[in-house]
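Given as structure tokens, the chain that follows is alone and in the form predicted on its own.
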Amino acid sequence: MATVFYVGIDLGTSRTSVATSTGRRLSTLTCVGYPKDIISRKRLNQPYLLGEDALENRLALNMIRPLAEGVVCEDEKALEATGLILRHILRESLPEKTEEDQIYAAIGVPAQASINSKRAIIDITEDFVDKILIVSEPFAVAYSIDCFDETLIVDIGGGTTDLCRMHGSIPEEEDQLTLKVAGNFLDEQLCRAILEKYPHVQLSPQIVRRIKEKYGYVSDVSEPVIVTLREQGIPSEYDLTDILRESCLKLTNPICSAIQKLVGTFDPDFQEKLRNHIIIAGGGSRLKGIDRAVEKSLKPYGGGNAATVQDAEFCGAIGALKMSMEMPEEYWEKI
């Protein structure tokens, strides 16, 4: 007898995460690398590498990040790469699946992803997913933590920050905002600021990302952030304390403005509940002090309360999984 496997997938700009009805969780970098030439093809002995393997061998590869802008890039190579990533993560997370078994997948995408992007995901997965549900990433987060009444979800990813007001029913268009200001934007700002102060240091996207993830903060005070960097291969210590905070504020200020907009345009009888129940998710939720920065921005509105999710990496995937398992069969048929 065929088995139905339910899966929830958070298709992210930087990472793609999956949670399955068998209890498995898996996460991978959202990137694919193709050998540059005959030498790299011979050495790697594979037509492509995925995720961490691709990143480790990136000097020999042409790297593709198919969701670099927060939505599915629609050129042929990017679509192929997206399919490879999704097929790989499903194969790795469901090793027991047979040809007769079926996969029902709920896939989280940015809140205002275009119709074309949603169509592209359906087309990409039609060969290895039997039924599919496309959901907004902040809605998946809300589903994960069972927050449906007067809650504002702020999902800070790599390519986009998605905001969504929950009010006891499926959010409408005016309840959702997508900003291009997110993790990748912060990486660019941080890299530019470091090079302005220390123009000869050697940086790579990976070095900048590690600095951000380990030390990033927006609180009023912080311990000194002293980082070892290199000039012409020679290591030395550099003070990045002020650079980090100023760069991170360039991320959080627009997000706080978007939060103020969604609070200020909500039904006035429920604005107090909304601003006192703000949930911050995604990789950006790990920035130290971001919850307090959001609360501070709401003082003119009467104050607020913000909290970060406990499992930033899998929260969206878990919500999508719950949704897929609870969705009535007849609704799947309509997808």
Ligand SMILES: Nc1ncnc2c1ncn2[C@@H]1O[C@H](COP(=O)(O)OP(=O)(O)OP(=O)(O)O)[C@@H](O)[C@H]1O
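Keep in mind that what you see is a predicted model, and the values were worked out from it rather than measured. Start at 1 with the first residue shown and count on from there.
The same protein also has a form predicted together with this ligand, omitted here; what follows describes it.
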Q: Could you check which residue among C164, I121, I156, V218 gets a heavy atom within 4.5 Å of this ligand in the predicted bound form?
A: I156
Q: Identify, from the list G304, G283, P66, G33, the residue with a heavy atom within 4.5 Å of this ligand in the predicted bound form.
A: G283
(Q) Can you confirm whether L11, S14 and T160, the three residues that make up this candidate site, all sit within 4.5 Å of this ligand in the predicted bound form, judged by heavy atoms? (A) yes
(Q) Quick check for you: of 230-238, 88-96, 144-152, 182-190, which stretch puts a non-hydrogen atom within 4.5 Å of this ligand in the predicted bound form? (A) 182-190
Q: Using the partner position in the predicted bound form, report whether L287 sits within 4.5 Å of this ligand, counting heavy atoms only.
A: yes
**Q.** this ligand contact in the predicted bound form: K131, any heavy atom under 4.5 Å
**A.** no
Q. Quick one: does E213 come within 4.5 Å of this ligand in the predicted bound form, counting heavy atoms only?
A. yes
**Q.** is_contact(R209, this ligand) in the predicted bound form, heavy atom dist at most 4.5 Å
**A.** yes
